[in-house]
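Shown here is one chain on its own, the form predicted on its own, set out as C-alpha cells.
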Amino acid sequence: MQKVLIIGSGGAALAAAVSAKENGAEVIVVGKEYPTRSQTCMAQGGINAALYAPDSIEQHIADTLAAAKGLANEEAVTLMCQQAPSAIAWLDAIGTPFSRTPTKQIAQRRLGGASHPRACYAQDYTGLKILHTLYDYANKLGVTFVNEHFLLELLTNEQKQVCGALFYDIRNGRVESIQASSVILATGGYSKLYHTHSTNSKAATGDGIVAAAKVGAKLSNMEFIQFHPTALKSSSILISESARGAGGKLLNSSKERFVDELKPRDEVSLAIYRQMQAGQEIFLDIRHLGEEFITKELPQERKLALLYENVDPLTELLPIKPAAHYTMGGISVDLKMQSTLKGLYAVGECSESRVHGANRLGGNSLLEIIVFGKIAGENAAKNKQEVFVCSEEKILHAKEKLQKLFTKNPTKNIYDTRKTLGDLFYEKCGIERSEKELQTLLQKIEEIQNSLNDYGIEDKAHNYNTNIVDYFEFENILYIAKEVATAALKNDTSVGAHRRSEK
C-alpha cells in the first residue's frame, strides 16, 4: 500500500486526503494547528461553479482569465472550471450545508469580476462549513491526523526524490521524522508577511514553500499578492466580498461612491488606496440591505464589525482598508499538482497552479482546493516510489540546531522585527511598488538576515513552547520576504496585483 504524507490540514489537505484514501493509499495528515483552525475558514464569500443558465462554464473560464490579466494558463483554468459543477455536487453529497433558494437550488451570489452570480455559499461561513464537512468525512474514512507538528524540512533520497519530512512536535519539543511514498504540501500562503496588515491568521508564514525551495523545488509568481478591498480598518479582520456582492457600497469621507464595487479585487483595492493617498477615509455601507437580510445572509460580518470595530453595520458606516489576503505565488506545479521534484505535490495557496495569474477571481480559491486537492490526492496515491528510511544523521542535525536555540541569549526581538517588516512591506511592497522602494526594502531584509544570529527565544521550556514556533515562522517569513521583494524588483511590468507606480 502506498503511503501519502500530507503536510497542512486545511481544505486543500483534507480534499487531497479524502482522494488519496479513496484511491487506496494509507494517508497521514500532519499540521502545525488543528484542521478546524485553518485558513480555509476565512474564505467566507463562496465557491464558484457555473450551475444554472444563463451562466456557463465558458463564461466562468473567461472571467477567470480576464481577472488573471493574461498570466493564467488556459488549460489549467479550463480544467478547474469544468470540474466545478461536479465539485459542488460532491460537497453537497457529503453534507456541506449550502444555503438554498426557495426552490431548493443551491444559492449563489455574485462576487467581484464575475459576470453572473456563481459563488455557491453557506451564509457567510462558506469556507468554515466546507472545512468541517471535509474533516468529518476524512475521519469517517479513517484518515490519520497528527496535530501540532511544525514542518522543519523535507527529506530527499539519493535520487533527489521527496519522500518524507522532519517535524518539531510542539507538545513535547521532540524532532520526529515521517517517511512516505509521496508528500503533498498544503501548507497555505504567506500573507502574514504583512503582519498586522493581513486578513490571515498568524500561521500563514509560507512554511511549506520555504521547505520546498530549500530542497530545490521551483517557485513562481511570488510578487503577486492580492489585497482584499474590505478589511476592518483597525484590526485587518476580513469583511467578506459577499457584503459587496449583496449590494454593499464603498464610500469616501465625502460620502461619495468612487468605484464599481464588483470590479476585480486588484482594481477595487487600487481605487481605495488612491482615495486614501488623497486623504480620504473609506467606508463600507450595507445599512440599506436591512436587518432581516443581514441577519440571514451576513451574520458573521455584523458580529465581526461589532467585536473588532465597535460599529453596528445595521446603522453605521463600517471603516475599512485593503489588506494582504491571498498569495498567488508559490510552488510551481503541473496539471497533476506535481512540483518540479519527484514525489512532491503541492495544492492550495502554497502552490502556483497557474489558475490565478496576476489576480485571483473571488470564489475561485475554495474551488481550487477542492478540484486540485482531489487531483493531488489521486496522483500521489498512484506514485510507486519506495518509502525512504530517514538517516539518524539528519535527525541528529535537526536536534542540534534546536538545542542551540536553548543556549543562545538573543539581543534582538523577533516580534518587534516582524512588526517592522510587516509595516515596511505594506508601505513599500503593497498595492503600489516602485523600484526605489523595493531596493530599500530588499536592503532592510538583507540586514535582518545578516543579523539572524542576534535573534533567538526567551522561553526555554520544552513542552508547548510557542516561542520556538514563532522563531521558526520568523526564519521562514524572512526567507519569503527576500523571495517576494526580489521577484517584485525584477518584474518591471505593472499588472494585476503587482502594480508598479512608475508605469
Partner chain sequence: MKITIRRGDTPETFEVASVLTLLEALEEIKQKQDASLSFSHGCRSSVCGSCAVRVNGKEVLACAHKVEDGDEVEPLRNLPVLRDLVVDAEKALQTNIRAKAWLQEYSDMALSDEDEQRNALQSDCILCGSCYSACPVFSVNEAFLGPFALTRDWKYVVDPREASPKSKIDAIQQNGVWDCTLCNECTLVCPQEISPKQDIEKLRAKSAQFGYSDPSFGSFDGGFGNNFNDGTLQF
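Model, not experiment: these values are computed from the prediction. Positions refer to the first chain, counted from 1.
From this point on, the text means the form predicted in complex with the partner chain, which you will not see here.
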> Would Phe150 count as touching the partner chain in the model of the complex under a 4.5 Å heavy atom rule?
Replying inline: no
> Does the 4.5 Å heavy atom contact test between Ser434 and the partner chain in the model of the complex come out positive?
Replying inline: no
> Taking heavy atoms only, is Leu51 within 4.5 angstroms of the partner chain in the model of the complex?
Replying inline: no
>> Residue-level question: is Phe98 within 4.5 Å of the partner chain in the model of the complex, judged on heavy atoms?
In response: yes
>> Only one of these stretches, 364-372, 140-148, 329-337, 397-405, has heavy atoms within 4.5 Å of the partner chain in the model of the complex; which one is it?
In response: 140-148
> Using a 4.5 Å cut on heavy atoms, which of Lys412, Arg171, Lys160, Lys255 is close to the partner chain in the model of the complex?
Replying inline: Arg171
> Pick from Lys428, Lys233, His132, Lys342: which has a non-hydrogen atom within 4.5 Å of the partner chain in the model of the complex?
Replying inline: His132
> Does anything in 186-217 come within 4.5 Å of the partner chain in the model of the complex by heavy atoms, and if so which residues, in order?
Replying inline: Lys192, Ser198, Thr199, Asn200, Ser201, Lys202
